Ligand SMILES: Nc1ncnc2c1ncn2[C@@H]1O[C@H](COP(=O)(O)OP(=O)(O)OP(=O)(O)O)[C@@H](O)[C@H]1O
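Below you will find one chain, with nothing else, as structure tokens; this is the form predicted alone, and questions on how it binds or moves follow later.
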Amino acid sequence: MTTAESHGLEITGLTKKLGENTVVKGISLSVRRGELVCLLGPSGCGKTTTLRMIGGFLQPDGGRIAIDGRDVTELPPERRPTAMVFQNYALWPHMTVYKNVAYGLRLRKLAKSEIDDRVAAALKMVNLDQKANRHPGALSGGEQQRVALARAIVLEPALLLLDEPLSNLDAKLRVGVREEIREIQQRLSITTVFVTHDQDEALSVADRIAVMSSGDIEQYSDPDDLYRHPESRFVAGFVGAMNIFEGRVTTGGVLVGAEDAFLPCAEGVLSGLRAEAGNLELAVRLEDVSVAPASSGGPSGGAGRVVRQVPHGHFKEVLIELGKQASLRAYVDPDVDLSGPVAVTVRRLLAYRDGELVYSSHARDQAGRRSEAAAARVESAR
């Protein structure tokens, strides 16, 4: 059971105005000790402002910030048990790697022998122990990022703050460095808040993700739950690839694209949704669409044609034109020939009204599996 004492970070009712705009709107968030939480959202959603308030670089207009149970809301950055890795790394170009990492320890007036030991350990952890005498300008972008990380962890903070730490790296390097960050965070068991606009980063490294929009937290949950059960239309469109249609439910499927296209649904997908009258926003993951060559004698419903194919190695993404105003994307086997007419079937879907989730066939799937598992346990007990 999680208690207040087990929270590495607790923010309550945090608010910030910049000029006439309220950029953070009374948000509350708990981060357990040793947990890595991502603040995820588009530019301007308030995530970096929130991080800077946690670190003490901005003073909130309202609310409370507690780290390891201690109220730090009024404390300046140097008196908080935090360390921050900035987006641009903020390394001193005239200092060696060693001196950059040792800088904060020297300000604390630690003995030289202790500084040497801690810097050596931090550089070894980020695999830069052989480059202690280099200057930042002689390092790659990934190495500079690791110097900034070493400079933060050498302080042994209670809370590590990462502000878009991978945004200056190329796509291939980002994947490797984010895995290093996650491995180091877990090895040290350090409470961490990681700000990013990149959903792949968040889904890959986080224990939990807070999706932000317009200064509010739209949803706060683990990556799997966030992906499968987005609680709002915004989260559904922001996290993962998604087809989103305006349409209405009918027998056996849904009408979309000004009702000129019919999408058949697998058996049971629409159970519990037919009572929802009127138009809905219907969301379907690309992997939840079945696509197959249309049989000559098959039904016309759900028929379409592939207008674009994008290879991704072990799968390909296809764009299917269903009608004059409707198309959808799907992931399919790369070896399937889809040069002719195709038939599509929706295996799972989510439905939203006024931006809020009203139905998830994913939840029904899970409930069904739980019921089957419970029945199996009862049967085995007999």
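No experiment lies behind these values; they were computed from the predicted model shown. Don't overthink the numbering: it's just position in the shown sequence, from 1.
Here the subject shifts to the form predicted in complex with the ligand, a form of this protein not shown in this document.
> With the partner left out here, check for me: in the model of the complex, does some heavy atom of Q59 sit within 4.5 Å of the ligand?
Contact check for Q59: no, nothing within 4.5 Å of the ligand in the model of the complex.
> Is G44 close enough to touch the ligand in the model of the complex, meaning at least one heavy atom pair within 4.5 Å?
Judged by the heavy-atom cut-off of 4.5 Å, G44 is in contact with the ligand in the model of the complex.
> Any of the heavy atoms of I11 lying within 4.5 Å of the ligand in the model of the complex?
So I11 does not count as contacting the ligand.
> How about S327 - does it come within 4.5 Å of the ligand in the model of the complex, if we only consider non-hydrogen atoms?
Answer no; every heavy atom of S327 is more than 4.5 Å from the ligand in the model of the complex.
> Okay, which stretch from 350-358, 44-52, 334-342, 25-33 lines the ligand in the model of the complex, with non-hydrogen atoms inside 4.5 Å?
Within 4.5 Å of the partner lies stretch 44-52.
> Give me the residue from E281, E201, E231, E164 that has a heavy atom within 4.5 Å of the ligand in the model of the complex.
Result of the distance check: E164.
> Would you give me the residues of 205-237 that have any heavy atom within 4.5 Å of the ligand in the model of the complex, in order from first to last?
Heavy-atom contacts to the ligand in the model of the complex: nothing from 205-237.
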